[in-house]
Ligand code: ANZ
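Single chain ahead, by itself, as structure tokens, in the form predicted alone.
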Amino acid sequence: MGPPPDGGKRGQAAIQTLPARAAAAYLQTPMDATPGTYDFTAFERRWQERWLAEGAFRAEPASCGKPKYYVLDMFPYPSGAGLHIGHPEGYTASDILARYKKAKGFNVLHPMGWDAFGLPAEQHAIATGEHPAVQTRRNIDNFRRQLRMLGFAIDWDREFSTTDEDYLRWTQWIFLQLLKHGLAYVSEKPVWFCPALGTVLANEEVLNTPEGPRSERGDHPVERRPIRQWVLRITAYADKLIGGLDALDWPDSTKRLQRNWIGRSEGAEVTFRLEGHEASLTVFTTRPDTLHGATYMVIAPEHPLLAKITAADRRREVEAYVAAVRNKSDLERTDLADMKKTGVFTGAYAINPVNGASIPVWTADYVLMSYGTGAIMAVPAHDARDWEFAQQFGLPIKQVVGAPEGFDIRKEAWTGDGPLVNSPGLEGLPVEEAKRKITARLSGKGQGRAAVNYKLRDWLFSRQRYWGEPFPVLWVSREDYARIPADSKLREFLPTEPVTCMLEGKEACAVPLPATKLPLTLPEVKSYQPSPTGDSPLSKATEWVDVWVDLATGETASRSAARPGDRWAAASRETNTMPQWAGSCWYHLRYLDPRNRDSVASKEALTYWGSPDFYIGGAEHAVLHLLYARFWHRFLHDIGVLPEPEPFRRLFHQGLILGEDGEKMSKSRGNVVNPDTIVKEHGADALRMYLMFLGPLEASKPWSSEGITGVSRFLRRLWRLAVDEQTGGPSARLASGAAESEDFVRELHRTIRKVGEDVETLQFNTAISQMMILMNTAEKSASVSRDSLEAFVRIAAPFAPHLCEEIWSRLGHRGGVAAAGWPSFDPAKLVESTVEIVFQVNGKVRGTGKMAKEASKDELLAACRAHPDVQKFTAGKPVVKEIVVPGKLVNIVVAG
């Protein structure tokens, strides 16, 4: 596999950017020796190096006695392009929250690692011949540099990659637990295959074109082929995955997407006997009440019974149809916008179990083998797709649910509720009652039963790739499988029922490696190109694939040598690799105890840290990653590994940062903004604050190169408020001796309260706006006390950490600004002692004045009479009336 991406230095508190001696000397350097110019390049780099040298953001052990707070960013894939300006948005939000919680006294865990297996690195290897590990290390180094450049408060001691052997061991261990507990099996599944490239393609690599599906790379035609796949039985957890959503603090839209993806439906399974055949067709329907309206059946082109039931005179047409639709995607086949339905009559007939009617069986591509049973009863009067199909092919339409007066079933399907009609024994019943009655009737006759169905399919968990986690599985013959001794180490993860498949025409049984033989690492290969048959590049590594295995110990030896002994058996390693999802399913657990060699994480770490308190990432992961991670986590909880059933308590999706043209950033549009360029021009603090100031965190916002200058000015104003630009020491305003204005003190305490509340609710843009208001007030005050300035710096520090650390040190503090804690506000200071009084003459406003809240009526009148703008309209005129509303206004009514 090659060396780990960090060169093997992970886990050490080594200073990677400064030699230890230089770092120690730096820490002794007085901060006020630096000139007072606002040189963000110098002080940002200085503080990044110091944080790294000191391990400033290293999480404390569980024994520290502090409450914990675990902040987690979605695992990044280190692409060769590095970060663009949209990536740091979520990282900045989580960093502000982490720094705030640390200031509030929490023991904060804010880690980072790399989801480093996957297709892009393999494609690069195929194109260049360079080992995927080499490019992966290079990309990780660049990502790490960029993240440090932005000053994120990350515990770098916990960094790891999914490609690290210590991590790989436990990914494989979790898979073997799934295998042991009957949740992993092997099946042939149709996948996209490109004959020209000789490779299996992921769905996202296939383009739907007018000429049919074609490869994104090379624009070659692709086809569906059945290929042996490992599959995880995620459907066994469907109900738990739905039920667990209720207790989670997640966006409603994400919960809704997960529920829809799982797609739980209650209904009935109904059996239709096939005329002239011993076989029967079973369908799942949510509307058993409409059985009397079933006028034909449809089975998927992939249905295993299709060839058996097709009549001889229909075979050629059916086979041609199956070939024609083979390469359509599921999305194309279920597209409701495509009104033209296609299908072919099989020549077979089924018997409707409720009325004995003989109905034709068709095959059509709008029925999927992956949903339900791969067969449906068609009720065209009450289903839009069935109605369209019946219209297309002239099939009967029979209404069995009452529709409103005037509704014409000949023009469209009635999909609403109503009393049943044309249904002997059910007529007049409401839909729900009819469902129960007909299901009970079918059950009593052995022709049906109540059932629950899911749209969720079992998880295809293998790829025909090189750069992925190897499966720690050997394939042996059925005879050798039976020879495994009762006390063999190979029985550690052996499932109750053997997992089998056909290899080279012979049945083979899966034998999992024992834990002592993990991790199983990737061998070196000469080519990363998959074979023309669609097999993984690993299939060509015969020295690695073909082995002898000791059936008692699990030891292996190459089959290029003679059999070592009688208890050894011929075996072949699995040549598929795990998908990239595998490593991202459980990384949140490994951060808790990343160097543990005895378990996923220690019980102490799991009990103390639990699951992340805050998880942030893009909405594009709302279904698959989150669903897969929840499945693994719940499984590990069920077998006693984890104390909590759910992995992520609180989830947040940040919005997109769009290009200046308002479109999604992409190289093809030429609107990508590089954070390196922005940091060089404006500094990391300005970039961080501007990303948060653009608008609500969850909204999509366009980037503006001009807009960031306003945030840059704010930071420079904060610098000038605190630092004397001539001497580099504290500003002379701090020692002026003049009193702070009451307005500034009140605004300071208002800001402390609001920023704290806004950080907790992730309203960072309004928090920054409030700090800008405070800055305006501070600049109008005759003086700012050291205590007030320090409070200002402490609340700004999570947003602009480099600047605030620099100011904090120049104010004479040796410890970091976060160590000073979060300032508290005084509610009494929020109350204004003065109010603005409106001065009117004859009901028209002529001026205003600040008055004490407790000012008497006489004092208010005197102030109004003395106001020069009031005197212009009252001089020499007799006063008719004087009206005083305490705390609000004075109105002098004059004659003439």
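Nothing here was measured: the structure is a model prediction, and the numbers come from that model. Note that residue numbering begins at 1 and tracks the sequence as displayed. The term rigid core refers to the maximal set of C-alpha atoms that superpose within 1.5 Å between the two forms.
A second form of this protein, the form predicted together with the ligand, is not displayed here; the remarks below concern that form.
Stretch-level contact check against the ligand in the predicted bound form with heavy atoms at 4.5 Å: of 598-606, 318-326, 367-375, 140-148, the positive one is 367-375. Screening Arg441, Arg385, His621, Arg169 for any heavy atom within 4.5 Å of the ligand in the predicted bound form leaves a single hit, Arg385. Proximity to the ligand in the predicted bound form, defined as a heavy atom within 4.5 Å, singles out one entry of Arg287, Arg573, Arg794, Arg746, which is Arg287. Proximity of Arg233 to the ligand in the predicted bound form: non-hydrogen atoms within 4.5 Å are absent; the residue sits far from the partner. Although the partner is absent here, Val379 is a contact residue: one of its heavy atoms lies within 4.5 angstroms of the ligand in the predicted bound form. Interface residue remark: Ser265 is counted as part of the site for the ligand in the predicted bound form, having a heavy atom within 4.5 Å.
Under a 4.5 angstroms non-hydrogen atom cutoff, the ligand in the predicted bound form lacks Arg563 among its neighbouring residues. If you take 451-485 and check each residue for a heavy atom within 4.5 Å of the ligand in the predicted bound form, you get just Lys455. In the core-superposed comparison between this form and the one not shown, the C-alpha atom of Thr415 has shifted by at least 2 angstroms. Comparing the forms between this form and the one not shown on their rigid core, the Cα displacement of Arg385 reaches 2 Å or more.
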